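As structure tokens, one chain now follows by itself in the form predicted alone.
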């Protein structure tokens, strides 16, 4: 099986490449905008192609050469605060890149399975009666990133119906793990703990909204789900993927603080607050579980320990 990962230099892309390459039945191609792989250990094992999804001719060249069986479409602007700061760039990057990918597949008359990495953010302003969120829950996105991912989801369905593209839409809930940018909450906390332990930051943790409750999964379990979607999922289907339990952001913070020997003060930072937020999010993943047998395996406490150790080694 020949797989292309768009956005292979991203957080999830690197973990997905690791997982695919642990199975000798996969060969992996990666699309990136830069000429080197972010992860040194992948450089001899991945066929890296430099291309910009906003340039259709570059995509045509990649697909013509690679002849993929599966495309894992991960490339995106995925930071919510950045999407508020520059909504136009987020919408253009995420929507146009996917449309160009679809049209390139159609021009070349290829027939790969296309796995779309969406987001639970598309559900947006969920009401208590909506919980746990299943795939029939209405989409009420409350930030520009969520709007872009909802559009990607709908386009994947539309191109499946109108052009018979073999798309599967994934709606992953929050996923965290080693190598994640500190633009995301667990990594942001862990990075600050590591800096405080090294004496690079005063012993004060700056935080946003700690009351929000989220459904967290280890990224290594998440990429295992992506591959199961490609091998056992039903074409045309949308799947939630998550742990089906919630923890508060405060629990994440307290767990990381408990792993440090330092005394750390916590202060609220208004700059870290979102203009719009959702109090509680939890997934119903029964459809995906029924189709693939997937369940998360890595305890969240272990995930947080691994994230902190990763930042300590940085």
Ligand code: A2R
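Positions refer to the first chain, counted from 1. Source: prediction; values computed, not measured.
The form predicted together with the named molecule exists for this protein as well; it is not shown, and the discussion that follows is about that form.
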Partner-contacting position among 124, 172, 112, 177 - heavy atom within 4.5 Å of the named molecule in the predicted complex: 172
Checked 67, 265, 34, 268 for heavy atoms within 4.5 Å of the named molecule in the predicted complex; positive is 34
Residue 233: touches the named molecule in the predicted complex, heavy atom cutoff 4.5 angstroms: no
When the contact criterion is heavy atoms within 4.5 Å, does residue 296 count as touching the named molecule in the predicted complex? no
Does the named molecule get within 4.5 angstroms of any non-hydrogen atom of residue 144 in the predicted complex? no
Contact test in the predicted complex: residue 225 vs the named molecule, heavy atoms, 4.5 Å: no
Heavy atoms within 4.5 Å of the named molecule in the predicted complex: which of the stretches 237 to 245, 191 to 199, 74 to 82, 132 to 140 has them? 74 to 82
In the predicted complex: members of 1 to 27 within 4.5 Å of the named molecule, any heavy atom: 7, 9, 10, 11, 12, 13
